[in-house]
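Take a look at this single chain in structure tokens; it is the form predicted alone.
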């Protein structure tokens, strides 16, 4: 189905694997289109309740493949390729996990930052590589990075462009957790399935309105919460949660 990525679903989780290991999973225009298609598929599939993005081989993603045109219009590359992909990641109302198996550099780091959770192998690393070729962080990097680590640390990472280990990333607040490379896939799958078995509609509402909260005042957020709670209160999962509580059993959520 795809040329530069792999897509499969199992146990309620869609797995999207960047599949250019010989190029450290560097982005191309084809990969942009295929990522967008895969994210749309995952968003529309009611059986999919969580999404994992990872890389084939020893890298998560090394950023843009610089072996193309000699004088590209980077602004148009972003507008046509990266920006729609980032918007799709943010707008999909299901939890998205970046399973960072190796280096995440440049736009590869931006991709990880745009996800809701980042689970990193202890062999993973993060590099704001843009500065090393005289460029500026993009693909949402300047939006997500300071929100995750604060302004001062974001400036340090973006301007100095130094390699950040998985453990440092955890210390900075960049990743959810760091796991052993030997058990990485199993750990990611366990975490993804856990999310897939949670109330999907509620997670989607949390994601939507938490994102909106950055540009909203308290009065607006209070109203968002009221709207979200009204919607969540009408879901099957809410009824199941209350029933399970009354019956003193573990709830079985269906994402509806």
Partner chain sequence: MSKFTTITAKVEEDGIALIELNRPKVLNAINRSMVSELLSAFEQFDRDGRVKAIVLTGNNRAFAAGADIDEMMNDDAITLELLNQFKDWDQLHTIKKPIIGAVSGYCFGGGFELALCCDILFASEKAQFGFPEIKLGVMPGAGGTVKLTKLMGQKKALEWLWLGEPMSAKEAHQHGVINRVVAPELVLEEAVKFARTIASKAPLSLRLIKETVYKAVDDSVLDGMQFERKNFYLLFSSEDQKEGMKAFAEKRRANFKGK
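Positions refer to the first chain, counted from 1. Keep in mind it's a predicted model, so treat the numbers as computed, not measured.
Only in words, not in the display: the form predicted together with the partner chain, which the text now covers.
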Exercise. Would the partner chain in the model of the complex be within 4.5 angstroms of a non-hydrogen atom of every residue among 93, 208 and 231?
Worked result: yes
Problem set entry | Proximity to the partner chain in the model of the complex (heavy atom, within 4.5 Å), stretch among 186-194, 24-32, 200-208, 56-64 | 200-208
For this session: Although the partner chain is absent from this view, report whether residue 215 comes within 4.5 Å of it in the model of the complex, heavy atoms only.
Result: yes
Exercise. Taking the shortest heavy atom distance, is residue 227 within 4.5 Å of the partner chain in the model of the complex?
Worked result: yes
